[in-house]
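Shown below, as structure tokens, is a lone chain in the form predicted alone; questions about how it binds or moves come after it.
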């Protein structure tokens, strides 16, 4: 069963995850609107920002405002950074600490070509000596709890998950989250949960499992199979934002409610209203993107997605969502 709590601590700073669940950082998804939305739904122990360029953060306050602004109700919250220069990462970590985050996370998992091309994300899995210097510099630069999210290796012939985990622990990293795939897998194939178990057995710091957890039953199975200290949810939270609340209900009672059409109606209208309340030129595109996820499993959802895709303004999206659910929820 899912652990009720996990603790990450360093130098007298103690961060408790209650319950032991984490919202994974996702580019274009885990902005402040989505993070607050997840907090309001309940059940998530720690949320993370979108992954943010350390170089951009050091050079521009605009980057900090765009990607790392957060509200007090989002706590506990971790800022996730990516980069490949130990000195710049250390400087960026200090910016994060001054901004008041509860912890800092280093991205060693992103498989995107544009990130890997700059030797960021999972590209760094091919250079363990450089990773060691990065761990040392970040750890010496801040007193915040410091965690690392990583993949098992570049491909199945170059697995480094156990060696990396031990190296991170020796450098003073306070927690690890393993997405149990390689960089070459991307998001395809099946997550190899036994890799998470191998990391858990190799270190004493908290280890969180990530990969192919779509339901509360999956989360419980992952913990049972690996002994991990908690579960990180990524893509499943975009299509089912209730998943954290469901996992907590399942932990406590062995059962959990499924969202109704009325729940989905409220979800979409609330999220879209929050989105448009913060003027942003990308809002319309984000509304269309989230319409795909939020209609997952909704009967006649294809019609709503088409209506949203064909809308030309934010107001038009809202009107079409309202009209769809008014029709769907009207008793026959």
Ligand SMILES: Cc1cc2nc3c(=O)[nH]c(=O)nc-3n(C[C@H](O)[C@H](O)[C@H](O)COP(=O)(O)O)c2cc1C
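Residue numbers count along the first chain shown, from 1. Given the structure is predicted, the values throughout are model-derived calculations rather than measurements.
There is another form of the same protein, the form predicted in complex with the named molecule; it is not shown, and what comes next is about it.
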| item | value |
| --- | --- |
| Contact test in the model of the complex: residue 269 vs the named molecule, heavy atoms, 4.5 Å | no |
| Contact flag, residue 212 vs the named molecule in the model of the complex, heavy atom cut 4.5 Å | yes |
| Partner proximity in the model of the complex: residue 280 to the named molecule, non-hydrogen atom cutoff 4.5 Å | no |
| In the model of the complex, residue 147 touching the named molecule (heavy atom, 4.5 Å) | no |
| 182, 174, 226, 107 - the one with a heavy atom within 4.5 Å of the named molecule in the model of the complex | 107 |
| Residue stretch of 270 to 278, 35 to 43, 300 to 308, 50 to 58 approaching the named molecule in the model of the complex, non-hydrogen atom distance within 4.5 Å | 50 to 58 |
| Residues in 3 to 27 close to the named molecule in the model of the complex, defined by a heavy atom within 4.5 Å, in order | 24, 25, 26, 27 |
